[in-house]
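Taking the form predicted alone, here's one chain by itself in structure tokens.
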Amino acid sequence: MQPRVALVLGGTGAVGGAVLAELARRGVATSFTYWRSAERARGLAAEHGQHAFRIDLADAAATTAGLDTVAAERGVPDILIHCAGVSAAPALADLGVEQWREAVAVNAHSALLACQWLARRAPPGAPVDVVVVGGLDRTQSLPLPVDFAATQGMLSAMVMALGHELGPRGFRVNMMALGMLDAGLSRSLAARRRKDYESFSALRRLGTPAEAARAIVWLALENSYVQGKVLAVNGGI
């Protein structure tokens, strides 16, 4: 069996960094993207023996060009994990047009572009695993920022459609919907809201990026038959 090659979009966030550590632990050759966190990217790359690429996922042309650079330097990946996510506005009244556009571009459009790019680049019939990391499955009703919630709906519908379109080519495309964590974007919610999530969790606690990463990497490496689905890893919300 050929060694797996992974690309993680958004590797310097709390979950992305944990995914890099788990992939390194599993011996998977990995590249990752970052935008503003250059120092953290250098540290992660050195720590795990991985390769960092600076790509602005809010810019469609830059995203595609950056992915071409990754392929030219490190080869075409057969694992794609999209961990990038932003949420700027805590309330509808505070949501501006540019904030909305950035959320759609980073959270959803960059995932679509990466899947489109990989579908063009992957050898015919080669197995490819795509895991999109989000924060809302299709069965939940939760008080989330509008920009973030809307893009999660885009992602869940997108992986369903991509699963059908790309499945015959050997692609497995799924979404991992995470619950509240003790780090990352979850920190942007008010402390009272985080406490509410904790009290309604069946496990009565927040998750950790390391727990999330183990589930994400399992889906990327071990899954053989789950397709076009949203898997919830949320402590029982």
Ligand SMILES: NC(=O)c1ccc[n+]([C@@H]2O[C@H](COP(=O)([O-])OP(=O)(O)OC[C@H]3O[C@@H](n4cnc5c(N)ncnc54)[C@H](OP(=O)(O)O)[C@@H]3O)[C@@H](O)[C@H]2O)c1
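In case it trips you up, residue 1 is the first one in the sequence shown, and so on. As the structure is a computational prediction, the values presented were derived from the model and not from experiment.
FYI, the form predicted together with the named molecule isn't displayed, but the following is about it.
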Whether Val15, Asp56 and Val133 all lie within 4.5 angstroms of the named molecule in the predicted complex by heavy atom: yes
is_contact(Val70, the named molecule) in the predicted complex, heavy atom dist at most 4.5 Å: no
Interface membership of Trp35, the named molecule in the predicted complex, 4.5 Å heavy atom rule: yes
Any non-hydrogen atom of Val106 within 4.5 angstroms of the named molecule in the predicted complex: yes
Contact label in the predicted complex: Ala29 to the named molecule, heavy atom within 4.5 Å: no
Contacts with the named molecule in the predicted complex, stretch 148-170 (heavy atom within 4.5 Å): Phe148, Gln152
